[in-house]
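In the form predicted on its own, a lone chain appears below as structure tokens.
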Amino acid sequence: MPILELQGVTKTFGGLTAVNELSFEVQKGDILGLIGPNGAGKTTVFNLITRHLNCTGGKVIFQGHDITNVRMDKIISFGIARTFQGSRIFRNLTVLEAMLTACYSKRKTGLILDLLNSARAKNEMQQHTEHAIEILKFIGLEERKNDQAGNLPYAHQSLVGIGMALVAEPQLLLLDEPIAGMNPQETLETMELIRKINGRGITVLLVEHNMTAVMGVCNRIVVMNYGEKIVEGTPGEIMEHPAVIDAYLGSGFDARAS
């Protein structure tokens, strides 16, 4: 059984169809790439999966359960976390404080116990702090935990966004252009991080324009154009598919040189 399945998912905005009867599966343990030209509908798909947008039609199935109409604030408790294009982090907080904001969905104590500064609330906060620091160590930013998040280099801000998603201990991680704006060395390091994340048993759905990264880390790829799936397959199959070359890669594409 796939961990995620889109069944005829459609999204219209007035007279514009952004996603049109899109169907594909993500198998548990996959690193699946979702690629296509700008405006193909990739980020809209992420927004539909995570309920930042409502589907006009079709179904989103996660681990056999229909989550098409699940409230957005409940999606993360199902085991789905995501990052966003650009660095949507809390720029005025320290790196550790930003990470701790992502622990909110895991809180068991309520506001009253927090206000009373109860032992239970203190213990829970200590556990969350230790977990956040463990994630920072995993992504290589433990030494920056007391730095203001907005002052970090762009690549590190992107890593903080990934770390904030990992705090929720997801089973499925949606990465929306995590490598955008990175230099070649940062790209290689982030590719390795994605492999390490997958090695922890987390399934990854990746939207990314850097084809070196996509071809290098994904075991399968779905290609979209004008809101529709045009083909899916292995990286090797995708690189050689005429429809993909015509719509997206171009006849001169070489993954080794991109």
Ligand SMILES: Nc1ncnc2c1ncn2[C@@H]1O[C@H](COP(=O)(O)OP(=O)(O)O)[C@@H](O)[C@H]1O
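Since the model is a prediction, treat every value here as computed from it, not as a measurement. Start at 1 with the first residue shown and count on from there.
Not pictured, yet referred to below: the form predicted together with the named molecule.
Partner-contacting position among 215, 67, 40, 197 - heavy atom within 4.5 Å of the named molecule in the predicted complex: None of the others qualify; the residue that does is 40.
Can any non-hydrogen atom of residue 85 be found within 4.5 angstroms of the named molecule in the predicted complex? Heavy-atom contact with the named molecule at 4.5 Å: present for residue 85.
Although the named molecule is absent from this view, report whether residue 18 comes within 4.5 Å of it in the predicted complex, heavy atoms only. Residue 18: contacts the named molecule in the predicted complex.
Would residue 44 show up as a contact with the named molecule in the predicted complex if we use heavy atoms at 4.5 Å? It does: once the named molecule is placed as it appears in the predicted complex, residue 44 has a heavy atom within 4.5 Å of it.
For the chain shown here without its partner, which stretch in 187-195, 30-38, 59-67, 228-236 has non-hydrogen atoms within 4.5 angstroms of the named molecule in the predicted complex? Partner-contacting stretch among the options: 30-38.
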